[in-house]
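A lone chain, given as structure tokens: the form predicted alone.
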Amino acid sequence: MRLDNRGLQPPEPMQRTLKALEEMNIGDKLTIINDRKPMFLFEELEQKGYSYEVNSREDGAFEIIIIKKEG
């Protein structure tokens, strides 16, 4: 699954992302693209048992790949 959150104002990117994560099964992957690094999202992901990878894009946006882990 992929979400493009560019151009959205907070808290909409985080709300969209959390809603998509609720539908994920263990091992599923979600890729989001945000205008800025979602620092508050990282805390939430760690608490809920997701791993993530952050990549800077050439256009200045950030791509975050989120994987739901067991536990």
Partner chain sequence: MNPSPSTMGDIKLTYRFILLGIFSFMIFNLLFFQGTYHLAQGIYRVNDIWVLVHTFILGFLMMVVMGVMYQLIPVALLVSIYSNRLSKIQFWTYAVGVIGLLVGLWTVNTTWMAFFGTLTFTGVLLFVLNMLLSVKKLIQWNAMALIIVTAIFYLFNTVLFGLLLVLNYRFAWFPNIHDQLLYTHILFGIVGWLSSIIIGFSYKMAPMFSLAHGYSEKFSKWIYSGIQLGIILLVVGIFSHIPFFNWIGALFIVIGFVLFSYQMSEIMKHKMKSTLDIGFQVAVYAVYGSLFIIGLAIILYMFLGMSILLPFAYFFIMGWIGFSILGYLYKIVPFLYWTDKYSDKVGKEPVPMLKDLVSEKKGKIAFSLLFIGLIGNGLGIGLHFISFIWLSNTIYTLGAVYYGYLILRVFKA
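Numbering follows the first chain given and starts at 1. Note that the structure is a prediction, hence the values are computed from the model and not measured.
Although not depicted, the form predicted together with the partner chain is the subject of the following passage.
- Taking non-hydrogen atoms only, residue 44 approaches the partner chain to within 4.5 angstroms in the model of the complex.
- Mapping the unseen interface onto this chain, residue 54 counts among the residues with a heavy atom inside 4.5 Å of the partner chain in the model of the complex.
- Under a 4.5 angstroms non-hydrogen atom cutoff, the partner chain in the model of the complex has residue 9 among its neighbouring residues.
- Although the partner is absent here, residue 29 lies well away from the partner chain in the model of the complex, with no heavy atom inside 4.5 Å.
- If you take 11-27 and check each residue for a heavy atom within 4.5 Å of the partner chain in the model of the complex, you get 11, 14, 15, 18, 19, 22, in sequence order.
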